[in-house]
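Just the one chain here, the form predicted alone, laid out as structure tokens.
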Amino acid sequence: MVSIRVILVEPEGEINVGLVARVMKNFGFKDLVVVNPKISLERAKKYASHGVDLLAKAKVVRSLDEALEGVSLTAVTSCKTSTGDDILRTSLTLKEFAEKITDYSGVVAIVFGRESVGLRRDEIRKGDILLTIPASPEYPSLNLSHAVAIVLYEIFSKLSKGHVPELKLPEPTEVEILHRKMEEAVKSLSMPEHKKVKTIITLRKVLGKAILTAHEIHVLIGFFRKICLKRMKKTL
């Protein structure tokens, strides 16, 4: 299984470094390496919340080469990309990158640059992949901790499917009951017949796109049943 290493090159803000440790803790990543920090990691701990232990274990090195020891694939990050002749700036989007490493075995490093100027070209050259987060062309440069959070979330989602509990899907018979109750409710309303047909078709399409859970199906069956009962009482 892939192992993710987060590398911060010469970070300049204690708040950012603390928040990076916190977000790494959120998504279960533990390998943090800091290259020649310009701030105190000790003071950054007050911004790390439950990521303090991770920050305390962070490896501090003097060069990017040292940080990349033992790494089998390196992704460097930048908001500056190119679709032209600058091969160094030819990038993958975050989603493309996350897809590609899903079945990767080895240590993958993701390198983030300085808050002020990002990574230098000689540092970008050390990467196997240039990674970019699509953003507004008016202001594509993201805050360091925000960029780390977005990257790790995307990777976490791909690797673990977010640890979202599996939802119980409805049985086919339950879907049939929902459709029947929905049609009964619509047909009980005072509107022209052609509008009833159009409404039924529209509701079926909307409900189908929603990919409803069993619980949601039951709630809607009860809702449409109550509409039918209320209309029946009015006609008595």
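Residue positions are given as counts along the sequence shown, with the first one as 1. Values in this document were obtained by computation on a predicted structure and should not be read as measured data.
Another form, the form predicted together with S-adenosyl-L-homocysteine, is not on view; read the next lines as being about it.
Within 4.5 Å of any heavy atom of S-adenosyl-L-homocysteine in the predicted complex lies no heavy atom of L152. For G118, a non-hydrogen atom is located within 4.5 Å of S-adenosyl-L-homocysteine in the predicted complex, even though that partner is not displayed. S-adenosyl-L-homocysteine is not shown here, and in the predicted complex it never comes within 4.5 Å of any heavy atom of S105. In the predicted complex, S-adenosyl-L-homocysteine lies within 4.5 Å of some heavy atom of S78. In the predicted complex, the residues of 101 to 138 lying within 4.5 Å of S-adenosyl-L-homocysteine by at least one heavy atom are, in order, V111, F112, G113, R114, E115, S116, V117, G118, L119, L131, T132, I133.
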